[in-house]
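This document opens with one chain alone, in structure tokens, the form predicted on its own.
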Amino acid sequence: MLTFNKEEFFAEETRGLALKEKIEEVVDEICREGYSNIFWIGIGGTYAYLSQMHHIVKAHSGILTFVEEAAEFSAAGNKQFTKDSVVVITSVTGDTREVGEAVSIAREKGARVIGYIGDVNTPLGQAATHPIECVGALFYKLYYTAFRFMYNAGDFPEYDQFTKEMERLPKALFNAKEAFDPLAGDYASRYGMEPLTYVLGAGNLWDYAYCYAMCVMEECQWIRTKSVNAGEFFHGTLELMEKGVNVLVLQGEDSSRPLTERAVRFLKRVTDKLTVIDTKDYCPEIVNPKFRGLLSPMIMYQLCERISKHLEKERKHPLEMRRYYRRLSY
């Protein structure tokens, strides 16, 4: 596979699985103490990933859950936020300005903060009441957190079965990446230089569609991109569809699937540049249909990572290249 280190991949997946016990300890302690609600607070990509957890908890649990964009939370606040709220953040660098400001507000209120930080000896690591050091392993830490809270609330009795199923993921995800890699290369060669790309998603993949459009295509590749929720597609964006318009649909297996299917049926009639990435075509090792829907974000993340690497090659644009982000003061 292009620009892929198999050993590093499995090492990161293994680190993710190893977080389970520590996360359970933290969540169980908070549940024993009691809490009123959960706030998932992030910015940019972390906001999108945390939004996926908010979506899953909201759909499958009675836990009161909120997702907040960190800068807006600091500026506008939320009347539901109290000292009994629990905040979940994640930051690789540990110094994300907007998240730091939001955490400061949370700590002033007396709220508890679970912080997944690349280095706990950083401002965010020191500010969190429950700092957990981890590099990568993005979805494992968030899934263990969300589903442990749900389990303790009596809303997800399948927790042990589900987390056992997650142990299959490293090998399953590797196989998925390997199978999808030629298709990712084909997508990049066909559409990598398109002047505009629309990215559609729904349900627990809507937030990833938003993230992939903004954080990868726009930020990392400088491709003009618009993300569209498939449920909203027929209330505006459909009027711009015609031959020559490039559309990428991220299709999962949760209850929102009919929304992307409806959009795909329409798009096949009006554009000749349609790509559908469907998680049902990958990871046959995950046999429980309920779990497949919940795990669609993890599968899609790995598939799109392959597109990112091929776009990097096709466009001759390193994914790390930035003009403004962390380059200028703003």
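If you're wondering where the values come from, they're calculated on a predicted model, not measured in any experiment. Numbers follow the displayed sequence, beginning with 1.
Same protein, other form: the form predicted in complex with a further copy of the same chain, not shown, and the subject of what follows.
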Handout entry: Answer range among 132-140, 235-243, 105-113, 172-180 for contact with a further copy of the same chain, defined in the predicted bound form as heavy atoms within 4.5 Å
Key = 235-243
Practice task
Would you kindly say which of 218, 186, 84, 119 lies with a heavy atom within 4.5 Å of a further copy of the same chain in the predicted bound form?
Solution key: 218
Exercise for the section: Mark residue 293 yes when one of its heavy atoms lies within 4.5 Å of a heavy atom of a further copy of the same chain in the predicted bound form, and no otherwise. Expected result: no
Exercise for the section: Could you confirm whether residue 159 comes within 4.5 Å of a further copy of the same chain in the predicted bound form, counting heavy atoms only? Expected result: no
Practice task
With heavy atoms only and a cut-off of 4.5 Å, decide whether residue 274 touches a further copy of the same chain in the predicted bound form.
Solution key: no
Practice task
Give a yes or no for residue 72: in the predicted bound form, does one of its heavy atoms lie within 4.5 Å of a heavy atom belonging to a further copy of the same chain?
Solution key: yes
Problem - Every residue of 20, 192 and 308 near a further copy of the same chain in the predicted bound form, heavy atom within 4.5 Å - result: no
Handout entry: Residues from 222-259 in contact with a further copy of the same chain (non-hydrogen atom within 4.5 Å) in the predicted bound form
Key = 222, 223, 224, 225, 226, 227, 228, 229, 231, 232, 234, 235, 236, 237, 238, 239, 240, 241, 242, 245, 255, 256, 259
